[in-house]
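Single chain ahead, written as structure tokens, the form predicted on its own.
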């Protein structure tokens, strides 16, 4: 049994694959590629596989991470074969055996997003937004809806024409979605309407500010 970490990209129509369907799809693709996964014991065995920071449906990414346990060492040819079995829009672009001292998926702390808008936003508007003492929005959880100050979870927010770059809290301790930041901008920036936009996750960073692989 060998533990591996995989980095994969998610583009095009693949952005509509949900988190649960993604796990099932990866499991089938490993099998078709001839890569034997390790399974849990019990009445309902499942592959020992975990995705680090689930991506919302409709978003693209170049930096998703997945840990999986396999029964034998992997070669470059195995990754090439796995990519052939994956649906269009999903690509494994990195893989490495997990070694002692490697950061865990639970160590994820931040994520960077590139948001393409259908309008330009002035840098002064973003500066004014970030200079506020608080940014209170209605935030929904599984159990309740409450007013929350999301400003502490926005590490940085910059703009270049129609492209916003956000670095937000992410992971098990705090996870701010970029869509909620856009809602807050509509609330606090005069004349701003998010309109049609595309969101792309460009980085996932751990508590030491580095990538997982």
Partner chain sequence: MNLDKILKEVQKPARYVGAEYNSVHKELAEVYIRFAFCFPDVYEIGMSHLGIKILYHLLNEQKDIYCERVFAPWVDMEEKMRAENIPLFSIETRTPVADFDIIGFTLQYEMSYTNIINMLDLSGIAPLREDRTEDDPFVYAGGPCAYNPEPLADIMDFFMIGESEEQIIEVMDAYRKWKQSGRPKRAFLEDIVSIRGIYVPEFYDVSYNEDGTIKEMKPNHPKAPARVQKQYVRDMDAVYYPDNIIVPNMEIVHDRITLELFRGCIRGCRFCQAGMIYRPVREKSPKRLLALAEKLIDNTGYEEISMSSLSTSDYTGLEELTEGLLELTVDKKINLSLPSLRIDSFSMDLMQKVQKVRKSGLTFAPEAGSQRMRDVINKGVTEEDLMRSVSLAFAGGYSGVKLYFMIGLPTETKEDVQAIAHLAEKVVRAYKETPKHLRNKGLRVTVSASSFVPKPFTPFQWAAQDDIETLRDKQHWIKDEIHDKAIVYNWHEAQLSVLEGVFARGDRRLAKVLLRAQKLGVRFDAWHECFQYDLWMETFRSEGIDPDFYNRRERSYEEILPWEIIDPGVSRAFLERENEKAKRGELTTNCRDKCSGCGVKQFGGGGVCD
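Numbering follows the first chain given and starts at 1. Predicted, not measured: the structure shown is a model, and the values here were computed from it.
We do not show the form predicted in complex with the partner chain, though everything after this point is about it.
Chemist: Does the partner chain get within 4.5 angstroms of any non-hydrogen atom of residue 76 in the model of the complex?
Modeler: No.
Chemist: If you check in the model of the complex, is residue 144 within 4.5 Å of the partner chain, heavy atoms only?
Modeler: No.
Chemist: So, in the model of the complex, is residue 15 in contact with the partner chain at a 4.5 angstroms heavy atom limit?
Modeler: Output for residue 15 is yes: heavy atoms within 4.5 Å of the partner chain.
Chemist: Even though the partner isn't displayed, in the model of the complex is residue 9 close enough to the partner chain, meaning a heavy atom within 4.5 Å?
Modeler: So residue 9 does not count as contacting the partner chain.
Chemist: Whether 25, 31 and 88 jointly form a contact site for the partner chain in the model of the complex is the question; each needs a heavy atom within 4.5 Å.
Modeler: Every residue of the spot touches the partner chain in the model of the complex.
Chemist: Which pick from 172, 45, 152, 161 sits with a heavy atom within 4.5 Å of the partner chain in the model of the complex?
Modeler: Checked against the cut-off, the match is 45.
Chemist: Exactly one stretch in 61-69, 31-39, 184-192, 164-172 has heavy atoms within 4.5 Å of the partner chain in the model of the complex; which is it?
Modeler: In short, 31-39.
Chemist: Are there residues in 176-213 with a heavy atom within 4.5 Å of the partner chain in the model of the complex, and which are they, in order?
Modeler: If the 4.5 Å heavy-atom criterion is applied to the partner chain in the model of the complex, 176-213 yields 196, 197, 198.
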